[in-house]
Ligand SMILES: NC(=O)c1ccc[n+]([C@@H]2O[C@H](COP(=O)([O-])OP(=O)(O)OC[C@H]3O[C@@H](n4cnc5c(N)ncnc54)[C@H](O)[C@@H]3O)[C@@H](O)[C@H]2O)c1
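In structure tokens, one chain follows: the form predicted alone.
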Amino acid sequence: MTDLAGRNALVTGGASGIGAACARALAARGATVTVADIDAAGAAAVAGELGGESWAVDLLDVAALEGLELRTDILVNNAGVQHISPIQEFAPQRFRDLLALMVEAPFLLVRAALPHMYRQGWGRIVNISSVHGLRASPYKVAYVTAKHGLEGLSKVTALEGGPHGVTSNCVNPGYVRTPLVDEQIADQAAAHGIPEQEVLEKVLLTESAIKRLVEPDEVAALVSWLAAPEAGMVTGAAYTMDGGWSAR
């Protein structure tokens, strides 16, 4: 399909994992993709593969984003990190950093992209949220708070952008197969002396009806559809891809 030919897309956290998969899926539909990441070499590698551009950016430097103007038709807010700690031991600066990266930076990028989208009467904003944007887990206070905030940002953007042809949606995966998650599974299997599949089923995926990880390409397929012309009436939504976790 080339239904995004002539469109420009920006994917944050695009050097690996979900972001790289999204960049590839959008490029496959004809979009010209800018891969944004703090990992300059990784972003350049993915962009080079796709014939796109790379943007080495530290999204924690939110002050640098305040005067930004973006001429992008499709914005995928994907960059994110995790930190696990009980609330009473959670470092305040770490909490602020996660909210800056996963709420404030997306707000500033949306703010920078909307004028161009409004002028042309078309735009797509896709925010990579999480099942934790809809449900909570202990020891993940900053991540859960940030993803809940991202859901609110996405809905307000949908309401304001609708009259201008701009849609805004969230994609809410459960645990996705990334190097970080694979490492976590291996570490827990070694620590508990149990097989990795048992870690998946009894630790990570205990709330999921489907006992496997989400693949990055599955997330990317949904993102690319939300960016496509046929999704023009889909806005303000949260699309769960969590194997049934949130059905409980």
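Don't overthink the numbering: it's just position in the shown sequence, from 1. Every value quoted in this text rests on a predicted model; they were computed, and no experiment measured them.
Omitted here: the form predicted in complex with this ligand. The next part is about that form.
Even though the partner isn't displayed, in the predicted bound form is residue 10 close enough to this ligand, meaning a heavy atom within 4.5 Å? Because no heavy atom of residue 10 falls inside 4.5 Å of this ligand in the predicted bound form, the answer is no.
Evaluate residue 178 for contact with this ligand in the predicted bound form, applying a 4.5 angstroms cut-off between non-hydrogen atoms, and reply yes or no. Yes - in the predicted bound form, heavy atoms of residue 178 and this ligand come within 4.5 Å of each other.
Contact between residue 18 and this ligand in the predicted bound form at 4.5 Å, heavy atoms? Yes, residue 18 is a contact residue.
Taking this ligand as it sits in the predicted bound form, is residue 125 in contact with it (heavy atom to heavy atom, 4.5 Å or less)? Outside the cut-off, so no.
Report the stretch among 66 to 74, 178 to 186, 26 to 34, 193 to 201 that approaches this ligand in the predicted bound form to within 4.5 Å, counting heavy atoms only. Careful reading of the contacts points to 178 to 186.
99, 81, 112, 134: which sits within 4.5 Å of this ligand in the predicted bound form by any heavy atom? Going through each option in turn, the one that passes is 81.
Let me know which residues along 231 to 248 have a heavy atom within 4.5 Å of this ligand in the predicted bound form, or say none if there are none. Going through 231 to 248 in order - heavy atoms within 4.5 Å of this ligand in the predicted bound form - there are no hits.
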